Ligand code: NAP
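One chain comes next, on its own, written out as structure tokens in the form predicted alone.
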Amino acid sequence: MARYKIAIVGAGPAGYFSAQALQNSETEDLTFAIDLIERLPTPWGLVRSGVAPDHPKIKTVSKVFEKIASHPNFRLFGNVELGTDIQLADLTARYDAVIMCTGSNIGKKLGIPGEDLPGSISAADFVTWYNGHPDYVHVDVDLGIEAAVIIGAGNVAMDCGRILALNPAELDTTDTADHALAKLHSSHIRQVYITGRRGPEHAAFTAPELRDLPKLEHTDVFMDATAIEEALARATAEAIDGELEKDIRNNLEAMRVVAEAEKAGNDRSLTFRFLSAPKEILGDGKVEEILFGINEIRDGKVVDTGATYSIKCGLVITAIGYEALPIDGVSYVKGKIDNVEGRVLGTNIYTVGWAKRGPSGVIGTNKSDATDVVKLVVEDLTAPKVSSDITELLISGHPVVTQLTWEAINAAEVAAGEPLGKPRVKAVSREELLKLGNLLA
């Protein structure tokens, strides 16, 4: 029987699904020892620090992760950072394969004047702030203003807009981080705008997210019904044989429902504006206004008309995509690891998830991605390496979050949430998390 050692770096969905694909590939003659390495004291990646707290059903995928972690060939090494506590070259020397599942966590820039003014932040920072990521607890989010603008037309932009526009009481029974919930309760924001530079037919929202919008009890949601009808006509005209792609058709139908939904006259509003290209963020020492160019669709292309409009606001959140944080020992191209279908050529390094393909797809996309890449890993295996593993690389006394440690942290957070009717109360500092895991006094 051949037993191979595989290191997976990054304990988000891509990491867990890679471990699952390896487990599913085992036979009587082929087994794996899997070490999942995570720089935070907590696993689950964006399921913990990215999924909006008012969408708890999406987080139930964590039950799948826990089942994967219960396999006897699986070990978790949390609170271990690649490039600081261990080096990539040391892993590639000791493991038969290293699968990089390090994601994309840097928000892309607009590249417009005024983007660096206080009050202009990335969705990458905002989302992790309200979700209690230890590295983003102290992000400065000014909610003492009346209007906020979100730049982007995908689900991340929608999450940001919805969190700002809903009544914070709707988050009281969620796992929103305490520091963020307190600030949201004192928020003065009543008008939120979500803007996209292209038409409604090009938006990257998903229909289920759109269908949830009319369910907001304390927030009126506005879309221009005429703009939706025009988008439908354009998309149909461009479609092969006049047959719209299913996702586009579902999105536009959901948008029409939003546009036609009766408004309750709430003082909180969420307004969608398409064909709006950000030109400049204006303000004296802080964000006060954002200038947009008005686009139109000509012959299937987005064209700047030369006309402009502006929105007075005190907060601008940019949600136009993510890039990967570079890691020594790996080449990056256009914000992702340089790879060919998951292989980092000339090495025993592979990659899965956003680090491989960029920030695209949903959580489940990582499952098929991992399955495909693990097939390549298995194809490339030669004689198993006779060497040690990560345990000899870690400095004595370094607090490592094992699966048992994480289960203790998880149980403590869940227990803290129970009397409050919450799924959990998140610990948001490394020190606090390690204390819950009994790794610090």
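One rule holds for the numbers: they count along the sequence shown, beginning at 1. As the structure is a prediction and not an experimental result, all values here were calculated from the model.
Omitted from view is the form predicted together with the ligand, to which the following refers.
Exercise. Which among 224-232, 176-184, 201-209, 69-77 is in contact with the ligand in the model of the complex, heavy atoms within 4.5 angstroms?
Worked result: Heavy atoms within 4.5 Å of the ligand in the model of the complex occur in 201-209.
Exercise. Is residue 345 close enough to touch the ligand in the model of the complex, meaning at least one heavy atom pair within 4.5 Å?
Worked result: So residue 345 does not count as contacting the ligand.
Exercise. Can residue 315 be called a contact residue for the ligand in the model of the complex at 4.5 Å between heavy atoms?
Worked result: Looking in the model of the complex, residue contacts with the ligand do not include residue 315, since no heavy atom lies within 4.5 Å.
Problem set entry | Any non-hydrogen atom of residue 307 within 4.5 angstroms of the ligand in the model of the complex | No, residue 307 is distant from the partner.
Problem set entry | Any non-hydrogen atom of residue 369 within 4.5 angstroms of the ligand in the model of the complex | Residue 369: no contact with the ligand in the model of the complex.
For this session: With the ligand left out of view, choose which of 149, 157, 97, 281 has a non-hydrogen atom within 4.5 angstroms of it in the model of the complex.
Result: By the 4.5 Å heavy-atom cutoff, the listed residue in contact is 157.
Problem set entry | 118, 83, 214, 361 - the one with a heavy atom within 4.5 Å of the ligand in the model of the complex | Looking at 118, 83, 214, 361 one by one, just 361 meets the 4.5 Å heavy-atom criterion.
Problem set entry | Residues in 98-117 with any heavy atom within 4.5 Å of the ligand in the model of the complex | Contacting residue: only 110.
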